[in-house]
Every structure is written in C-alpha cells, then in structure tokens.
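So this first bit is one chain, no partners, the form predicted on its own, shown in structure tokens.
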C-alpha cells in the first residue's frame, strides 16, 4: 500500500528518481507525533522486512536523527533505486519537561527527555539546512 502510494506520487510529480545517478536521501520531517517514524517503519518493513524506529504515544520518542542506509526499491520495469531514509525528531518550538510529567513520566526522566528532545530538534534543523544547501 505505501509502496504503490509513493511510486504513484513520484509519477504524478513527474519526478523519476530511477533516472538519477546520485544517491538520494529521503528525509521525513514534521511535528512531534506526526507519524514520521510510523511512515519510516512502514517503508522499511515493506522493502527491507525490518523496522527503523520506535514509536510512542508520548511525544519525542525519536530524539536523534536515524538514518537507514541502502534502502533499495524496484519499479515495474526492473530498475532499482537505492537511497538513505532519514527519520528525524519532531520539530517543535517549545519543549517543556512538565508536559512529560502530565503523561506519567517521573521528574528525572521528563527532564532528560526534554533535554534530549531539544537537542534532537536542533540537530534536525541543522541536518535539514545542510541537506537543503546540498540540493540547491
């Protein structure tokens, strides 16, 4: 289902990644708990038979950039595309440890998660900026 959706989307956008010679990095960006890791897992499960990231109902489960190298897909004509899939922490403007306390975490774990999440957001923004400059 995800396979056909992605392939159809690329076709509609008149973007043929199978004709590219360079390596592609496909980054998944968005807000906390927006489904980024779920999507990355689905892509990896469909094409590699394995998961990539852990998911949680508590925001900021992904607190570091996770890169899965060598994801290879084939189109109907047998052409292959190998790319790196990048799952990023959710982009947020405010991360407060008290929000984690409300979700049942103890104070020490909540402060640790908030600190790691803040670092993850900064890393994601920096990674995106570097990637965007490379594409231009």
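Residue numbers count along the first chain shown, from 1. Nothing here was measured: the structure is a model prediction, and the numbers come from that model.
Missing here is the form predicted together with a small molecule; even so, the following discussion is about that form.
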Checklist line | Partner-contacting position among 67, 48, 55, 101 - heavy atom within 4.5 Å of the small molecule in the predicted complex | finding: 55
Checklist line | 4.5 angstroms heavy atom contact with the small molecule in the predicted complex for residue 38 | finding: yes
Notebook entry, point to check: Are any of the heavy atoms in residue 32 no more than 4.5 Å from a heavy atom of the small molecule in the predicted complex?
Noted result: yes
Check: So in the predicted complex, does residue 27 come within 4.5 Å of the small molecule, heavy atom to heavy atom?
Finding: no
